[in-house]
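In structure tokens, one chain follows: the form predicted on its own.
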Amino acid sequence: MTGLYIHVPLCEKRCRYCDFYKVTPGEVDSMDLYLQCLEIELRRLPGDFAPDTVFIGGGTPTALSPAEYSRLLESLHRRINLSEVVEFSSEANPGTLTPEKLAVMKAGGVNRVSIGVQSFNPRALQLLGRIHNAKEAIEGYHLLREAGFDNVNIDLIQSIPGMTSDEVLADALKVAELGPEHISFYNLIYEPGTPLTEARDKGLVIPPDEDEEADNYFAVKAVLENAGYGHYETSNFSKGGKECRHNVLYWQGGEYFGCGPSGHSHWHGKRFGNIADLDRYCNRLLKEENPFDEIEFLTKEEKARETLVMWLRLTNGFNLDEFKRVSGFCAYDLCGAGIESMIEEKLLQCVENRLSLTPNALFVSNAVFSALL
């Protein structure tokens, strides 16, 4: 499988925790030049490229006007062979959803929407700097249903400072009550230079301790599983058959192009990232130059090692024979000592030729991955 990611570098406001590249309406006159240059970049992709998945993210794709979003989708249909696409996702912010935008998305082929709720708790939303409230989040979800979208993801953020365990569970129960097909439950990460990180460093924000985080993680996991969701990846839950195929493609070592400023690609052993600056991205494309600011060539062994670790993010892990067929390497030849050590520590298990995290390792999976790399 192959994928296409489109980065829309626009947000109504910068959230306090986010370090993804974006501009706000006050920093750019319009998105016309971005859309013009995005089409140039799409035109330059290989002529035989026909992705299986498309994901429009950001930023906030729904911060575009209906006309701008329509123009983006028209460029995709004009420049890319979309005949093989089985999953066409777009991110959305509850504070920027309108029936008009959803009609444009639906008409343009989007068949899955990921809505960034993050929490239903008013204090948590204020701390994070979100532009919506709980009522708007719920109304946005119902707008998606009314527009005919039958594959919806809701994003929640774990470990928001100041939330009690009861409030964390209330978020989980509310999202289960709404009943989206997919739920992402991501850990709050303190990225360097963000306002939330600065507040933490000054002692103005106190994160929950590790034991409390772990307790909340497993409590939410139990709520969602009891509601019929399968825990298929460390941070993701879905109803049967509704796993995010685009993300699974990443985790299983698939190839993809990422377009737009800060978009990242992995294609035929080469990994490259676009410059995270809208003006410079546009200037380069207008001059018919590459928008990359970083290029890395991976050896087959490096790629296999990376694939091994990413594939272990899936809770059912991978079949050792299938991994060798896909990567060309035996997992034990790549990092056998690390695997054996993690099995002894009961962080990995190998059952019926399938290597996977143990349930106890789900919350500390990054430590396992670091040991294997």
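Note that residue numbering begins at 1 and tracks the sequence as displayed. Computed from a predicted model, the values in this text were never measured in an experiment.
One more form of this protein should be noted, the form predicted together with a small molecule, which is absent from this view; the next part is about it.
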Checklist entry - Among 244-252, 167-175, 104-112, 85-93, which stretch has residues whose heavy atoms lie within 4.5 Å of the small molecule in the predicted complex? => result 85-93
Checklist entry - Quick check: do Gln36, Arg79 and Gly263 each get a heavy atom within 4.5 Å of the small molecule in the predicted complex? => result no
Next on the checklist: If we define contact as a non-hydrogen atom of the residue within 4.5 angstroms of the partner, is Tyr17 a contact of the small molecule in the predicted complex?
Outcome noted: yes
Next on the checklist: Under a 4.5 Å heavy atom criterion, is Arg130 part of the interface with the small molecule in the predicted complex?
Outcome noted: yes
Item to check | Close approach of Gly317 to the small molecule in the predicted complex, 4.5 Å, heavy atom | outcome: no
Checklist entry - Just to confirm, Gly58 within 4.5 Å of the small molecule in the predicted complex by heavy atoms? => result yes
Checklist outcome for this item: From Leu224, Leu72, Ala124, Leu188: within 4.5 Å of the small molecule in the predicted complex by heavy atoms is Leu188
Checklist entry - Considering the small molecule in the predicted complex, which of Leu97, Ile157, Met163, Leu285 comes within 4.5 Å of it through any heavy atom? => result Ile157
